[in-house]
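Before any questions on how it binds or moves, here is one chain, the form predicted on its own, in structure tokens.
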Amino acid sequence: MKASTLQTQCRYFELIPFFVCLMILGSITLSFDAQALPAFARQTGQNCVSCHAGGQFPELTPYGRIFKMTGYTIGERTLPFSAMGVINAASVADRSKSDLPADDFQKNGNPVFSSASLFIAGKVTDNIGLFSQITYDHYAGQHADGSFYGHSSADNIDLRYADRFVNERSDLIVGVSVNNNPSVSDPWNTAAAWMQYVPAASLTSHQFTDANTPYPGNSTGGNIAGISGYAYWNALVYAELGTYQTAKGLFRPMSAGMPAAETTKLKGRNNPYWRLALTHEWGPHNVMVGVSGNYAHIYDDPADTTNPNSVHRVKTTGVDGQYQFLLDPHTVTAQIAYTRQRTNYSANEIAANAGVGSPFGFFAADGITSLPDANSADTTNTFRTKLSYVYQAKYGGSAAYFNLSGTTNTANQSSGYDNTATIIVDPGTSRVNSNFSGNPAMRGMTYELFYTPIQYVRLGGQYTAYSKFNGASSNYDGLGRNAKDNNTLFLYVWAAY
């Protein structure tokens, strides 16, 4: 056996105690009945399987999508609180090619309490409902002495007004959503806000887990504020149109807990989001194909919104599709999503990089020739597909493929040749994260197995394998680190109550 292979396997053996903890927890939870239900289950009186495919939150069934589109108002008003917590551990394949392993792989292989969420959600009136999530990140930051501290902030917020009009010829749902993340209102899990679902800790040891691989997404992310109107006609056509702005004033709760200087700042209110999908159900099958997009004007520096020349413009367009087969005891879900994102940088950024070659001062291999100037615009393409299977709403697995490609830009290059033709890493970047090519390309697979002993606890494991990272399959940092060195085993316990 090669030494490198033995070394990798020994690192994975560090997680054996965590496997044991998972098995013990699973055997304990099997002896308890679920006496209290999360907010929506209490409200509807339904089992989790009714709303979630194979019981795997947050992926929705057709009934779950109707529940969401009708404004979370089906059922009776009940106590509108639920909670969620995650314990996980991650182990990276190769920690030898690092200048500071303790910084690059914090708590590698150790079980950690990752995060917790409080949900305030449910029926307000017959036409108004709420889904809101406040998340505590146990490893949000570090003090000067290296110790970690936690922090809470608003996560996903979706306040709705909805109504449904049914007669012998038509079934029409219409609604309005006030939310803080374009696509958080979407009822399909191929939407940007929902395709990634297993939380990982904010630790560098977790930076290569599936949660941090490329996902199709909008440029703004969360912590902004918007309003959108939507309609769903005859279980056939879904359409949504909205616009977004900075979360300030009356909308400040949309980014509650985040310092104003760290929130996304948008210029004006003309930052539209759109969504169109066609759906069809027959027997145990349902399918959706759709398109979506948004256009955002984003300030370079969230602390300074006074300079109109510091605004970059991002246009995102995407296509996606989903197929489900739901027939007890089997659940099959296939998902596919692709987004293309075009970023036009601000006038200030273009001017600052003009005529300077690499912004980090790198040279060509001769140590003399300057590199090209940074681009004035970049395009990235993100493709992701996933196939999952669940048996008896207890045992499941999935395989996902991801591929990110894009334009090469010297502004992305964080390692390169200095003026002595020596390869160096920018002091502000870890070698493990550095990029020698200036290209963002990333490609790989994630394999997952999970077990749900009771409907509110999931035990799972993921293995993410990279065939390309930061633009290269091998030597992506210029100093010998390869994409496969970032392969990561990730184990988790995920509970909601």
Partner chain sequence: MKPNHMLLAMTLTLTIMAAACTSIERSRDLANPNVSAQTLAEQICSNCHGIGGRSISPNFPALAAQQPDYFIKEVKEFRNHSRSDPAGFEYMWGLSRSLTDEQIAGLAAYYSRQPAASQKTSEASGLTAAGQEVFEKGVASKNIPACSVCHGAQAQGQGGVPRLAGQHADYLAKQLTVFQRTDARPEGSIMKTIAHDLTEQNIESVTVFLQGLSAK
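Positions refer to the first chain, counted from 1. Note that this is a predicted model, so its numbers are computed, not measured.
Unshown form predicted in complex with the partner chain; subsequent notes refer to it.
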Residues in which of 90-98, 316-324, 73-81, 361-369 have heavy atoms within 4.5 Å of the partner chain in the predicted bound form? 73-81
Please tell me whether any heavy atom belonging to Ser467 falls inside 4.5 Å of a heavy atom of the partner chain, as the geometry stands in the predicted bound form. no
Look up in the predicted bound form whether Ser147 has a non-hydrogen atom within 4.5 angstroms of the partner chain, and give yes or no. no
Taking any heavy atom pair closer than or equal to 4.5 Å as contact, tell me whether Asn309 reaches the partner chain in the predicted bound form. no
With a 4.5 Å heavy atom cut-off, would you call Tyr161 a contact of the partner chain in the predicted bound form? yes
Option touching the partner chain, based on a heavy atom within 4.5 Å in the predicted bound form, out of Val166, Leu241, Ala260, Leu236: Val166
Pick from Ala472, Val457, Ile66, Met445: which has a non-hydrogen atom within 4.5 Å of the partner chain in the predicted bound form? Ile66
Need the contact residues for 108-133: heavy atom within 4.5 Å of the partner chain in the predicted bound form, sequence order, or none if there are none. Lys123, Thr125, Asp126, Asn127, Ile128
